[in-house]
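Structure 1 and structure 2, given next as structure tokens, are two forms of the same protein chain, each shown alone.
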Structure 1
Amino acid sequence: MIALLDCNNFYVSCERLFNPKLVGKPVVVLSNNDGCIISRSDEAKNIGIKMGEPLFKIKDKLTNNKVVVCSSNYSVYGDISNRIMNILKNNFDKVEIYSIDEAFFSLDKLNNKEEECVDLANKILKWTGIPVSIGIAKTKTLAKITNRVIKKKNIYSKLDFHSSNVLEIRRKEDLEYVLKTTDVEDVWGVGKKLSIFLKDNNVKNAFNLKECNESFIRKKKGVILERTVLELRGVLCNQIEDVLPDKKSICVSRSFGRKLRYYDSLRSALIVYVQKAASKMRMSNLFCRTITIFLKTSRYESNLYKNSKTYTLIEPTIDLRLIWKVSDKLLKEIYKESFIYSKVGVILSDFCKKESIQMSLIDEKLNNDISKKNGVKIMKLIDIINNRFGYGKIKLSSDCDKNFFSKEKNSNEEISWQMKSEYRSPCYTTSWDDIPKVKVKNE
């Protein structure tokens, strides 16, 4: 048996943990750059606020209903997520972290599955303050559907819930009822595009999909969807992947808070992303051979332009200085004046571990003033210092934008490329200056 743990309204629950005033009120959390709604409290759902709605479209609705709006605060969400996943890993052997707020885990060899899951959910709520739901089923696809049922308890009141946040649908007729009331678009791995094809073929809900001829599905849409059909029947196809596959590439890119026109501002954004990407790569102890830089205008702009360029090194590197040198050169090559840009980014790929590096006989042209020998050592030293004194204490000298790493919200024009996050809460768990203030007196 497989269980899926899913945090309820995760980002909103995190905001509420440190700001109990938000409990019981409609709350929404916005995506990067304060663009769209990405997390809603139950109260906000009841008002009719939809997932993914753009902020500017529903501003009036939010004000009229006194909805509390928060910018996303990933340092808090990441920290709380780690705590939850650690509790899960300490209690169960086979765990696959699926996203920031979801994890699959195996319940094989357990006698009282439901009880163990209830205990786990209670422990997570007490220790971290985050409410979670756990769906138990034969396959990942069915566990996903079960979790959906827990969240829509009021519609499925005829099912017998033993607890409010853990469910295994045992009776055949109950499962059939659930599948018949699940739109095929809401089945894990189906999505909008596939659902159009399926609905054209009269496959409207999960039950229809389960009854499909699997070889027809395979012929038309491939093996992935065939697996979904089988999993709906209770045939295990997707195993729990508790060993993370090696990373294939690392991409760091963000839309700007305000559109940028000039090369210098693009460059000062890119250098921050390159340093982030290189430090992520070092955390996995990888060396990269290929560096790609991309650049684009907003798709709503009248003058459209996008371009990317890739450089492949002769020998894999871990050295930030070399990676930046290449990135800087690539940006110069693809940058064109007279466009208004909304995004720039870097992709590092073609990774290998230190042991499997093939030494080249000729020296890289770009590499000749960067001493190769000390690269690894210097990078290690940078990480040690930044770990102790805070990220960004040591950085490339070309990165002259001193404001980026300060935690203060800044409205300065010069750093306008930074993300918009007007309603961000403090970094409660990752910055000493931001830890929650508590009173000793209430008056």
Structure 2
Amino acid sequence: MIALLDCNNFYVSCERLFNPKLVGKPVVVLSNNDGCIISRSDEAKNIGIKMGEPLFKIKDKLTNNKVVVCSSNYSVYGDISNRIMNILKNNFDKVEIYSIDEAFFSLDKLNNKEEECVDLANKILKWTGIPVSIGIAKTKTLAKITNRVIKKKNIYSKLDFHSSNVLEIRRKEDLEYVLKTTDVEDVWGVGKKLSIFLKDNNVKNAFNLKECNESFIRKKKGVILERTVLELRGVLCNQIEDVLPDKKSICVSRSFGRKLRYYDSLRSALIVYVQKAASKMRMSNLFCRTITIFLKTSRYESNLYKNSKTYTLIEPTIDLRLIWKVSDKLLKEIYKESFIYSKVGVILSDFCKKESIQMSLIDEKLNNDISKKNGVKIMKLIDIINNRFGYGKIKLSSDCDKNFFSKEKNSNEEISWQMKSEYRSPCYTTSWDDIPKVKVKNE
């Protein structure tokens, strides 16, 4: 048996952790640059606020309904997610982290599966403050559907629920009822375009998909959808992947808070992105050989431009200094003065482990003033200091800004590349500067 743990309204739940005044109120969390709705509390859903709605279109609706608006705070969300996943890993052997707020785990060795999952949900709520829902089934696809049912239990009147946040559908009639009331578009792996094809072939719900001829499905749409059909029948096709494969590439890019024209402003943004990408690479104990820089205008500009350039090193590196020298060189080559830019980014790829590095007798031409001997030690020291005192305490000297976000409406282009984040809460668990201060009054 497989269980799927999903955090309820995760981003909103994280915001409520350190601001209990938000409990019971309609709350929404916005995407990068305060663009669209990406998380909603149940109260906000009941008002009729839809996922993905642009903020500028529904500002009046939010104000009239006294909806609390929060900018996304991914450092906090990531930290809380790590705590939840560590609790899960400490209690179960086989765990696959599927996303920041979802994880599959195996229940094969347990007898009282539902009771164990109830205990797990209670422990996570007590230790982290985040409410979760858990769906239990024979396959990942059925676990996804079961998890959806426990979250929307109010509309499933024919089912008996033994718990408010954990569900295992044991009776064949109950499973059939759930599948018939689940739109085919809501099945894991079936998107809007694929659902159009299925509905054109009279496959309207999950039960219809389960009863499909798998040979027809494989012929028309491939083996992936065929596996979905088999999983709806209870045949396990997608195993729990508890060992994550090595990354193939790391990309760091953001849309600017305000469009940029000048090279120095673009460079100021890129150096922050390069440092973040290199930090992610070092966390995975990887060395990169290929560096790509890309630059583009908004697709809504009348004067369009986009370009990218790649540099391949002779020998893989972990050294941030060399990666930045290459990135700076590539940015100069693709930058043109006559455009207004909306995004710049870096991609690190062609990774290998330290023990797999092919040493070169030829020195890298951009590496003439950087010592290869101490590069790894210096990078480790940077990570130790930044992990202890907060990200960005040690940075490249030319980096004038260390944050991705800005709460201020600033017209100064030197810092306007930072993303809009007017409603952002403090980074309570990831920044020393944002730790809540308690003042004790002496009597």
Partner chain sequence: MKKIKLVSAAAGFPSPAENYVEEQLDLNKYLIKNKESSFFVRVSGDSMINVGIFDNDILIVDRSLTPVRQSIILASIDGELVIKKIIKDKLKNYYLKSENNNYPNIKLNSNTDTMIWGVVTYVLHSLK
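The structure presented is a predicted model; accordingly, all values stated were derived computationally and were not measured. Numbering runs along the sequence of structure 1, starting at 1. Take the two forms, find the largest set of C-alpha atoms that superpose within 1.5 Å, and that set is the rigid core.
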Q: Name the structure that matches the description of the form predicted in complex with the partner chain.
A: 1
Q: Examine Ile435 after superposing the rigid core and state whether its CA is displaced by 2 Å or more between structures 1 and 2.
A: yes
Q) Comparing between structures 1 and 2 on the rigid core, is the C-alpha shift at Met51 2 Å or larger? A) no
Q.
Lys259: after superposing the rigid core, is there a C-alpha shift of 2 Å or more between structures 1 and 2?
A. no
Q: Just grab the Cα shift of Ile384 between structures 1 and 2 for me, core aligned, in angstrom.
A: 2.5
